[in-house]
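To begin, one chain is listed below as structure tokens, in the form predicted on its own.
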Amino acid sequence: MVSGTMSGVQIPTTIPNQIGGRTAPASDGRTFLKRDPATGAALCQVARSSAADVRLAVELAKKAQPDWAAATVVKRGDILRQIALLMRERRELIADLVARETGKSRKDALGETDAAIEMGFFVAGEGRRFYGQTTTSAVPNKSAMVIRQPLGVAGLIIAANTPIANVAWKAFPALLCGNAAILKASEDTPLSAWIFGEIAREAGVPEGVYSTIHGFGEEAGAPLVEHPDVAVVSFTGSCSVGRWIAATVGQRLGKVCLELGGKNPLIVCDDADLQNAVTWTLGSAFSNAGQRCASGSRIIVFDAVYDRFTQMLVEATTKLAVGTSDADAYGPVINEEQMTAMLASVQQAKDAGAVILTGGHRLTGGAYGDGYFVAPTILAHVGPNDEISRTELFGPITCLYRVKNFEEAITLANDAPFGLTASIHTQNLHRAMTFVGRIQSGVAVVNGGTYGSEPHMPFGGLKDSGNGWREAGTQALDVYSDLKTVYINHNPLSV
């Protein structure tokens, strides 16, 4: 069980809620067990919150938010910068916690932690660039401008795949804009949410302005979504839950930001650098155990290079090492339930006629023990309308599709319910630019992977991948603030 002291920080055996600047168990004392995905063993107990805990967090957030909003945005940015500085001082500790709760390698956990820190620095800097707009008026002696104003209480609900980065993407811009924020952590990654809350308090975020609650979606997430005093809900997760959130918050005309996943195409053209395409396909399909909304799960290959590319990809895939060390390509999936579901989907596809070129099974024995490790899996002979072609699996599983030419490739790439990211591999500039113009996605990449986002760039998608808002970049400020049009009339004769 996780407990004790790391880098001077006391880690509790039971991860508590952080509400109103204080740590506390769930109001009814219940907990749930978090397991280590690399071993299946018990890792820690976690507060199992209910609607009562959410009500308290919202009450305190609503009370604290006006004073936080009254502080200058520069002051708020200074406090966020202090969070980022403290995170940088403790990056080793944070990475250790991320690695423990996700099973990913320490190298990958450090990379994720550094990305979260960079997000903090970027958003903190926006405290000096909290731009609105000044313009002219048709009326003499009248000035016109547009300024930003906070929304109130923000409800933040995150996924488990990159836990500390997911916290940073939502918490930093929500707080900078003058909102109080309540984070409902993923039940699979309580440790990173807990350490961020501890650091935020130490950095000077006032009591009640930032709270963390733990628990299950139905018991803790749903009450946060349903609470009438939560002005904006930002959610990363499944389409089904996203649709329910949109409908629920929409009833009170609240604001909703949804990032719901993808079934992302990577096109390999007949003039592609095949070795480069294989390298990026491996990263897109299998890094982070395929637990990326931007995972490359549909590999669309021109007929002229299909056989050669497939041979190269399968050979490279069979050489991937799976485990928790820095030398391994990826670690376990986050929990047993998700592992079971994704393997069932592979079996269903096989029963329908798909061919498993490699993988398709759980890795067991030896160092794998009872961990939730899935072999890197490639399927062929999959139909574009098969369930596995249209459903996000969130695991190290990808499918190959053979097409004749660019027109067939772009048509197949766009024939999906999602529209998050997409990539093409080609040496033809005209083909690449045509792809960028025609692909139905929020992110388009040429000669690279389907994944990857930088703090200053907007990320999000079309269709079932989201509802139009973007997080990261300055566009995240649009999610967590509203606009106020201001007119100032003056009389020169009164000077």
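The first residue of the sequence shown is number 1, and the count goes up from there. Note that the structure is a prediction, hence the values are computed from the model and not measured.
Omitted here: the form predicted in complex with nicotinamide-adenine-dinucleotide (NAD). The next part is about that form.
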item: Non-hydrogen atom contact S287 with nicotinamide-adenine-dinucleotide (NAD) in the predicted complex at 4.5 angstroms; value: no
item: Contact flag, E218 vs nicotinamide-adenine-dinucleotide (NAD) in the predicted complex, heavy atom cut 4.5 Å; value: yes
item: Proximity of C177 to nicotinamide-adenine-dinucleotide (NAD) in the predicted complex, heavy atoms at 4.5 Å; value: no
item: S186: touches nicotinamide-adenine-dinucleotide (NAD) in the predicted complex, heavy atom cutoff 4.5 angstroms; value: yes
item: Whether V58, E207 and V256 all lie within 4.5 angstroms of nicotinamide-adenine-dinucleotide (NAD) in the predicted complex by heavy atom; value: no
item: Which of 341-349, 379-387, 274-282, 178-186 lines the interface with nicotinamide-adenine-dinucleotide (NAD) in the predicted complex (heavy atom within 4.5 Å); value: 178-186
item: Among the candidates A99, V403, A159, V232, the residue which, in the predicted complex, approaches nicotinamide-adenine-dinucleotide (NAD) to within 4.5 Å (heavy atoms); value: A159
item: In the predicted complex, the residue from S238, Q82, N414, T358 that sits within 4.5 Å of nicotinamide-adenine-dinucleotide (NAD) by heavy atoms; value: S238
item: Residues within 4.5 Å of nicotinamide-adenine-dinucleotide (NAD) in the predicted complex, restricted to 289-303 and counted by heavy atom; value: C293
